[in-house]
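Two versions of one and the same chain are coming, encoded as structure tokens; call them structure 1 and structure 2.
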Structure 1
Amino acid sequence: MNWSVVILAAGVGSRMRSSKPKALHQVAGKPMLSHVISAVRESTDADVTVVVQPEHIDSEEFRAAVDANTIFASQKHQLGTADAVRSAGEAALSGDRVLVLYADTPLIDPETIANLIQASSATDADICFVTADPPPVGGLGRIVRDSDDAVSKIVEEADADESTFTLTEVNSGWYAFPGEFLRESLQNVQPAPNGELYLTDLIEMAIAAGRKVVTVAAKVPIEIIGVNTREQLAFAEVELQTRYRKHWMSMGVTLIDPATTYFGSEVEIEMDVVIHPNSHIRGNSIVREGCVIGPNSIIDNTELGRGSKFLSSFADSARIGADCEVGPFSRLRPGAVLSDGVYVGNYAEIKQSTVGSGSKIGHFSYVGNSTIGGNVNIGAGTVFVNYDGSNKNHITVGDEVFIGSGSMLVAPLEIGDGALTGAGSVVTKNVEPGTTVFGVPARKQPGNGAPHHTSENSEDASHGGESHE
């Protein structure tokens, strides 16, 4: 059976009081529309059409919120939900069955979508739609049933009398139709007093004609809420975060304070990870087994290797190896790659740089556009001077290099294996392997090469070298 999905995303969303289209407001780090698309993709491989306002057809923001297989159609005039479905176009409505959803329902559960599709196919109903009981919020149409428990009508809350308000089953607005019935019925919807065409009229038309109408219960009532205000947006965020916290704890992740731990919908976390309060893991981040995160940490689109510790720091689009230690108060910017066993202490910033295994960047340093070898010690206050006003230039640091505190490494630059820079040096020329340089500008130390400096506690008054401690 050929299914197609229509998602309505052309609403103005005036109650959000925002220049941003309502469907693009984010919950748990991604647009509401993206949550709906994800739920659909988990439930069916049907073609998806998103109905938007004409000016959003070529919107980069809307394109970024969906996958490459999503089609866009425009609703030229805001004439109601039935008009919006009709605006999806012939291709979207030509399937054997059509599923209609809304872009402002980020709590929608893939299982409910699958149940709706299955019920529609199994019962051969002319209309199959999702209901919830009890109502998760106000403002939803009440379901009225006859003595045989069949749906007899839907009464909007504004039109409900006292007896109708005692009914607790409400309409979600999520429908499945046979394509032929939908195409024919949309042509017969009459305008309401305000001039709009409502999709709910199809239910009354079907019941009046003796057509088959069945319902499917939402997995949980709260999933059907539509977000129309900032308050409802915050409510949806709390609900999704609650789901994510329960999920990760069930998968063997320790949350010291669940209420102050936040997750994106796409993250991956292995077991025996410990997350301390006020920490955020978002984007496409991956956290491997045995890591310790936080408190007060942000990990965004970053991979954290097995057994690493990340304390009170921020990582954005970085890759951290196994058994690393970062923080507190350090920042890994895009392109930062830490090999296994790297130590980054407090107030360090690293971007577009690869740091070799066992290297140490203790404190108050900036490392940018560089390749750093293994077992390198970078002293406090070191700056990789990589920008000349026009270009970002590269610095290469070999293995077993010792950079003294307060050194300025001016790119482009190469420092050979086993070299050493004295404290406060301004290094502007390449340094040969095993050489000691010091001064402003740095020059080679007379006599032999660099003294032995492999001890973590090495400190020599002649060159001011300092370990990471």
Structure 2
Amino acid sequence: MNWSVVILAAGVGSRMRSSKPKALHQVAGKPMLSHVISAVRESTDADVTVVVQPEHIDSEEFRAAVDANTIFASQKHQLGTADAVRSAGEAALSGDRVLVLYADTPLIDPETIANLIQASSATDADICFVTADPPPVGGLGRIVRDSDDAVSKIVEEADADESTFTLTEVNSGWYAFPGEFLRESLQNVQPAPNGELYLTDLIEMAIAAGRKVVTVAAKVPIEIIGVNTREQLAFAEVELQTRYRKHWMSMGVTLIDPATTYFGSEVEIEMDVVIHPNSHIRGNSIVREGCVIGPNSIIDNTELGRGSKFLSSFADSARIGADCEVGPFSRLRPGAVLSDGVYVGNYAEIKQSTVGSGSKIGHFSYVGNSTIGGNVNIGAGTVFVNYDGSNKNHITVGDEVFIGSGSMLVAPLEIGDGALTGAGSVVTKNVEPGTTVFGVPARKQPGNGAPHHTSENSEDASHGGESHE
């Protein structure tokens, strides 16, 4: 059977009080729409059409929230959910079966989608849809059943009388229809009291026409939460974080304080990782076995190698090798790459730089646009002066180099293997391997440094710092 999927994301979302479209509001660092798409992709390979407002059809943010195989359709006027489905277009509705989902239901479980597809195929019902009891949040459509317990209609909360209002079975907004039935029925929906065309009216219409309507129970009621308000958004976040915490603990991760440990949807964490309170692991981060994170850490889009320790620090789009130590109070910015066994102490900022194995950046340093070799010691207060006002220039530091405290390394610059800079040097010219430079601007130290010099050599001093470009 040929399935297609329609996801409705064209609502005004006025209850969010936001200039951002509701479907793009994030839960666990990922737009609600993306959660729905991920769940769909896990359960079916059907084509997906997302219905959006006309001004969002070329929106980069919407594009970024879906995958390359998703098609957009636009709903000209926000006339209600039935009109939104119709706006998906003929191609989207031409399949044998059409699955309709709402973009504001981020907790949707792929298994529930699979159950819905399965029930629709097995029962051949004209409408198959998911319900939950009791309602996880307010504002949901109530399922009215007759004396034989068969569904007779869905009544929106706003239109419910007192007895309907107290019914506890509610509508998820996830439906499966034979395409032909859907296409025909959408033509006949009449406006509700508020003027909207409700998709939910199809149920009463189907019953009146003697059609078959079947319900499928959600796995857990909370799964169907529809986010209309900021409060419901926070509620969905708490629920999703609770799931992620349980999941990672079940995978062998120790959370010292689960309630203050936050995960993004796409992270990967290996076993025997220990996470201390107030820590966030998000984006496409990967944390390898045996790492210790936090307290008070943010790891975003970053890989943390086996057995590394990351204390009270931030990392964004960085790569940290095995057995590294970072923090407290350091910041790894995009492009920071630490090889194995690197030590970054406190108040260091590292950006667009590769740091070789066993190197140490212990105290308040800025390291940017550089390549640093192995077993280098970067002294306290070193600054990689990488910006000349218009360009970011590169600095290369060889292996076994010792950068004295308070050195200013002015890019572009190359410092050879085994070289040394004296405390407080302002290094503006390349430094040859094995030499020592000092002072402002830094000059080669007389009779010191170069491995091939065994005694004092005054000639070296007079050329100090000049002959190395």
Ligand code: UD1
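Along the sequence of structure 1, residues get numbers from 1 upward. Here the rigid core means the biggest group of C-alpha atoms that line up within 1.5 Å when the two forms are laid on top of each other. No experiment lies behind these values; they were computed from the predicted model shown.
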item	value
Label of the structure corresponding to the form predicted together with the ligand	2
Did Gly195 shift 2 Å or more between the two structures, C-alpha, core superposed	yes
Rigid core superposition, Ser163 Cα moves 2 angstroms or more between the two structures	yes
C-alpha of Val144 off by 2 Å or more between the two structures on rigid core	yes
